[in-house]
Each structure stands twice: as structure tokens, then as C-alpha cells.
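First, one chain by itself in C-alpha cells, the form predicted on its own.
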Amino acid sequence: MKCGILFSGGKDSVYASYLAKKYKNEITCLITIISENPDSYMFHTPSILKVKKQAEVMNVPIIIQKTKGEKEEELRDLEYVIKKAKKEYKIEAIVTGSVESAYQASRIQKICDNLNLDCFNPLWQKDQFELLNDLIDNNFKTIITGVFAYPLNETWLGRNINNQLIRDVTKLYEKYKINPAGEGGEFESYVLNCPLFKKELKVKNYKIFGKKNSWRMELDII
């Protein structure tokens, strides 16, 4: 099946891409929404401008659509770009990295229904600790690019998702009930390498912005 991937460059959308290909689907294009609203209900924002680098090492075309990120209005922008992908790349399905957000999943499903496309959510309701371990087991190199909840702070930025990080988020889950894979919006990520990439991406430089328990990185990727 020809698939368009809703692609943010974070762990969930990249791992969903990996699973879609593993299940013998064709990754025909990547679809990225760049929101002007950092508090968008629908779309990942840290490092979103670096998806082009990932598309290059995946050797997959990418369609980028900007949105003001206004609630519900951004859905019209999403439907527009999915319709464009269907016309240009003849996609038959949309793949998402949705894990727990019923808000996101239900709205994407409605758009797919309107456009007569299948909707494939390979991570839906997956155990979050299992998801993190699967990333490690499948040789994903993923770093934290944004944190947005207490007690997370700037020291978490740039950390690899590895066994030590899983141990640390387990402690936070037990004490503060933070979602271990960041499904409550606690943190965001960026994938530097995985089996879909022709080569590993490198962080040449970065800048850090934020205060208190809300921090993000802007990456310079090569």
C-alpha cells in the first residue's frame, strides 16, 4: 500500500514509518505541518524545521505545510496537505505515530474518511515502556529536544533515549506519574539515526531556550 507519513521527525512518527515499511507498505512521501503556535493541539514543534534532513537520508520526498496552529483551523490545513499528497503521490493510506491522543487520532481518522484513505496507527495504545525499549532494540538513535513538565529541566535536553534514560523516566513515572514516552506532552524528541536512514545525522551545534520546566533545543544538523 502506498503510504503518506504524518512526519514530525520525533520518535513516534519515525518509528511508525519504520513499522509501516516493515509491514511491506511503500513510504511514498512524508507530510509535515509546521505550526506557528508552540502550544498547538495537534503538531510537534521543537526541531520541526530539521525534518528535511531526515527526508534526505530516507530518500523520501517531503511535503511541508505551514499553519497558524489555531485549534480546529489547523485541521483544515492538515486536510489540505493530505489531499495534495493524495493527488501528487497517489497515496492510499496515512500513517501516524499516535499512541494515546484520542484528540489527534479521531481528527486524523475523520480527514482520512473524508478523503477515502486508510488510516494506519501502528503505535496505538502501545505500552510506553515497551515503545522506548523497541526504539533501542531496533537501533534508533533519538535525542530529547524539548521538555515541558515538572520536574524535567534543561539538563534533559540532548539526552539519548537509552537504558539509563528509561531508568530515570521510570522513577519519574512512579513519583510524578509522568508519561514515560512523553505522551502527555512532557517531552519531545528528534531521531538522528535508524534503519530507514542511509547515514546517521549529526548535531553540529545547538541553542537552548526556555525557563523553569519548559525548555527546547534548536539544532544545527549535518
Partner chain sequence: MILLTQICNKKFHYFEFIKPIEDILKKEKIKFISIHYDKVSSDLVNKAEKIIISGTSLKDNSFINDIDKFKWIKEINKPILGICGGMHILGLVFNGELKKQQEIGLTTIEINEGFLGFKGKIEVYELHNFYAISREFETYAKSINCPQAIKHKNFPFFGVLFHPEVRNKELIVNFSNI
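These numbers were taken from a predicted model, which means no experiment stands behind them. Residue numbers count along the first chain shown, from 1.
Keep in mind that the form predicted together with its partner chain is missing from the display, and what follows is about it.
- Only one of 149, 136, 75, 119 comes within 4.5 Å of its partner chain in the predicted bound form through a heavy atom, and that residue is 119.
- Partner proximity in the predicted bound form, defined as non-hydrogen atoms within 4.5 angstroms of its partner chain, places exactly one of 196-204, 20-28, 210-218, 6-14 at the interface: 20-28.
- Using a 4.5 Å cutoff between non-hydrogen atoms, residue 79 does not count as a contact of its partner chain in the predicted bound form.
- Taking non-hydrogen atoms only, residue 88 never approaches its partner chain to within 4.5 angstroms in the predicted bound form.
- Using a 4.5 angstroms limit between non-hydrogen atoms, residue 129 is distant from its partner chain in the predicted bound form.
- Proximity of residue 83 to its partner chain in the predicted bound form: non-hydrogen atoms within 4.5 Å are absent; the residue sits far from the partner.
- Not one of 170, 174 and 188 places a heavy atom within 4.5 Å of its partner chain in the predicted bound form.
- Taking its partner chain as it sits in the predicted bound form, the stretch 199-214 never comes within 4.5 angstroms of it through any non-hydrogen atom.
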